[in-house]
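In the block that follows, a single chain appears as structure tokens, in the form predicted alone.
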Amino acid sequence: MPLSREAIVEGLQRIVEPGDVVTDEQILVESSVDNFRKLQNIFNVHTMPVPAAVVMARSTEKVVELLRFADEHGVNVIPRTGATATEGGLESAVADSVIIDGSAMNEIVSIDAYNMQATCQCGVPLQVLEDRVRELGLTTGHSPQSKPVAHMGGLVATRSIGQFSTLYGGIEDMVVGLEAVFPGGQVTRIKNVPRRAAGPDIRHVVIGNEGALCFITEVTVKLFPYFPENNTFLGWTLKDMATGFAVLRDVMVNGYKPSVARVYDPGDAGLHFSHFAAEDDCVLLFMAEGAAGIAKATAEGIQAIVDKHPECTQVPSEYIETWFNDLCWDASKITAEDERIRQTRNVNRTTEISADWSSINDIYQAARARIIAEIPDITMMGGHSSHSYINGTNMYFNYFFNVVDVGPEEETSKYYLPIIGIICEETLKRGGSIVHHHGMGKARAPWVKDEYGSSYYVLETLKHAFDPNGIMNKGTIIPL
């Protein structure tokens, strides 16, 4: 028989200090959603099941006890640190879930400048770690737009990526080792080594698990030399995305590694570059960084490639540098955006996918055309590519719509989920991946079997093996 809410709270209070079990009703209803249903918090209208408690975990040992308790009593657990998720991975799919919040586990354990790695607990904000290592002339190389507010555990759990990924890679390329706790309280530590061939790379059972398999308590990431004085910015305007994708491909195939490589379509470019781009202009941009010789050679190589395309018109580098310096969003920007939505009921959403070079432009064109034709009240439909590889790139759809004739709680069902559905359909039919870096969450979980195909067997087996009682973040990655 399931425990009552009162019994769950009493059990948690026996494990941690009573003050670390949060049962304030307003906090609980706000914690029932993440940024996937952000309008519910903006307008204080909530429809999701309310958690039983938010419990602050202050050590690995407490996480062990909490997961043992949850596993024994069949209580759904939602792991959380920075709470910046966008795909419903932190929302409560069932009533009386327990949110285990690791944000108080915020110690930087060590910074090893000789071996070029840093170890920190899951609740360390990325910005805090980055600021510390920069004092030593180093960088993590990881810079998602959420850097000022995201925490290390959540970044690893969602397989996040940063704005400099074309040079440094995604978080999976940066993680050296980690510690995690599985249901029943099993602690797993993966040691810090540069590489090994001792069977499958089990880091990837943990990286990207989105709290559906385990709770990440500690991570070790690589560090890199930091040479901001060598940053070189390059930008062009052009008239079509196909040319932009072709240039990105040439840069990657020829072996260049800019830290930033992007092409914006006219709609998305209008949000950032209207001071120099015409209404029908795409914008192509790069940043080269690193040691002086590397940055110089990278910039010169990119310049030579783009020079082969006379339809690209170069713009002053300071235009791109100014844009770059205002990329990240912090608490003040989040507050301002929430207030804009509250006043206008005009909502901005994003969905990112990936595909090979042969397919990416077709996906972009098809999904964009369908959204404009099929979804009501669209006020801007655009996108950009921001993470490229030798064999393909991503597409980051960016769109605005007015919420009309429905309440804020119905925004996802009338607009957001149908848009996601169109993007997933057009991506899957061309062999791409329906999620590049935001995670599946609960928003894209309905398409998980189509995403995995015959390899879904592996994912499903992992879930059954590591979470046999199904207590870890129900509905995330694998739908209810």
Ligand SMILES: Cc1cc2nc3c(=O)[nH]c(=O)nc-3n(C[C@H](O)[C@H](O)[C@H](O)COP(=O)(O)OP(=O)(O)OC[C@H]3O[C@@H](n4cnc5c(N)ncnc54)[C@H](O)[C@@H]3O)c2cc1C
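The first residue of the sequence shown is number 1, and the count goes up from there. Being a predicted model, the structure only gives us computed values, none of them experimental.
Same protein, other form: the form predicted together with this ligand, not shown, and the subject of what follows.
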query: Residue contact check: I78 to this ligand in the predicted complex, 4.5 Å heavy atom; finding: yes
query: Interface membership of A118, this ligand in the predicted complex, 4.5 Å heavy atom rule; finding: no
query: Heavy atom of Q314 within 4.5 Å of this ligand in the predicted complex; finding: no
query: 4.5 Å heavy atom contact, G82 to this ligand in the predicted complex; finding: yes
query: Contact residue in the predicted complex, from A150, V283, I360, L178 (heavy atom within 4.5 Å of this ligand); finding: A150
query: One residue of H437, R430, K414, R68 in contact with this ligand, assessed in the predicted complex (non-hydrogen atom, 4.5 angstroms); finding: H437
query: Segment that reaches this ligand in the predicted complex - one of 150-158, 267-275, 239-247, 368-376, heavy atoms within 4.5 Å; finding: 150-158
query: Sequence-ordered residues of 212-235 touching this ligand in the predicted complex, heavy atom within 4.5 Å; finding: C214, F215, I216
